[in-house]
Ligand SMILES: CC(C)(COP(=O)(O)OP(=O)(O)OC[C@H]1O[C@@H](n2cnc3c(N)ncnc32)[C@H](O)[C@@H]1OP(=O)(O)O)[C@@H](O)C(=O)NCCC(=O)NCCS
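Below sits a lone chain in structure tokens, taken as the form predicted alone.
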Amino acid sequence: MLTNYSAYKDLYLKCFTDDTEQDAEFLFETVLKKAERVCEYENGTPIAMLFLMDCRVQTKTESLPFYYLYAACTHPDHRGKGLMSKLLEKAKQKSLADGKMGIFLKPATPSLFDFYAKSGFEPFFKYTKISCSAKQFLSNIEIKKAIAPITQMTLKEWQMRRYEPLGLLTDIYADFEGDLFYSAAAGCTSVFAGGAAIVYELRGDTLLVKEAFCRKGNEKALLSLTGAVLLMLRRENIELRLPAVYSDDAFVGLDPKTDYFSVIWHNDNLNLSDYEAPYHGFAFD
């Protein structure tokens, strides 16, 4: 365990400028100080780093050990020297040595998908995103008062409740447990009603629904629940993230977009083409 992480936290804040000191402190205290780290140093100070956290990829028949890669960054003064590519190769070798089947991560920006591809990472986990104004969202759904009352769940209840729908909706998904799950879900609120469930957080004027489930054919209940929360919290915009298993016909007028959410590298014992609509779920973003 990393007992003195001040230099690593300084590098984190230097690279991830949207995060606050409080954000960084929370991450290091909850998961990063316990994670495996792969670093490059100059005079004993980290100048490039990444962290590997235990997680699993769940299929219909197996629970596969993986690493989740997070906080990969290089000091601005040392970029363009190939340091991160070097660290990624070290991370891959470490994952094999530690008995993992591979590594996956959510690139910080879409442009980084190409960067990770150079190190053998493939786009894999998908999601459907609806991103629009509250006005557009509410004008294209029907809020059914019959779904009331909306019931709030603890994060522990959400974690237990999500396994059944995940197993029914997709044949492979990322499974975060323990501290990793709770850190990714920190600051979120989870609710359910009418056979649908969402977990959300507020980001300024946006309602960010980080995860949402319903059985296929019950999408109207999911939209109704989301709309009711949107009205209650009076946000101007919404981003709704869903497993990429629902028909676009369920979201007419909301312009849903399905795309890759994260990338994966594995030890060649996983045939990615065997799986449809692989789902990542929560991410540190």
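In case it trips you up, residue 1 is the first one in the sequence shown, and so on. Since this is a predicted model, take the numbers as computed values, not measurements.
The form predicted together with this ligand exists for this protein as well; it is not shown, and the discussion that follows is about that form.
In the predicted complex, no residue of the candidate spot (Thr189, Gly195 and Lys220) has a heavy atom lying within 4.5 Å of this ligand. Shown alone, this chain has one stretch from 169 to 177, 70 to 78, 210 to 218, 154 to 162 that lies within 4.5 Å of this ligand in the predicted complex by heavy atoms: 70 to 78. With the partner omitted here, the residue from Phe124, Tyr116, Phe137, Phe181 that has a non-hydrogen atom within 4.5 angstroms of this ligand in the predicted complex is Tyr116. This ligand is not drawn, but in the predicted complex it has a heavy atom within 4.5 Å of Lys106. Using a 4.5 angstroms limit between non-hydrogen atoms, Met84 touches this ligand in the predicted complex. Put simply, Leu112 is close to this ligand in the predicted complex: some heavy atom of it is within 4.5 Å. Although the partner is absent here, Tyr275 is not a contact residue: none of its heavy atoms lies within 4.5 angstroms of this ligand in the predicted complex.
Along 1 to 37, these residues reach a heavy atom to within 4.5 Å of this ligand in the predicted complex: Cys15, Phe16.
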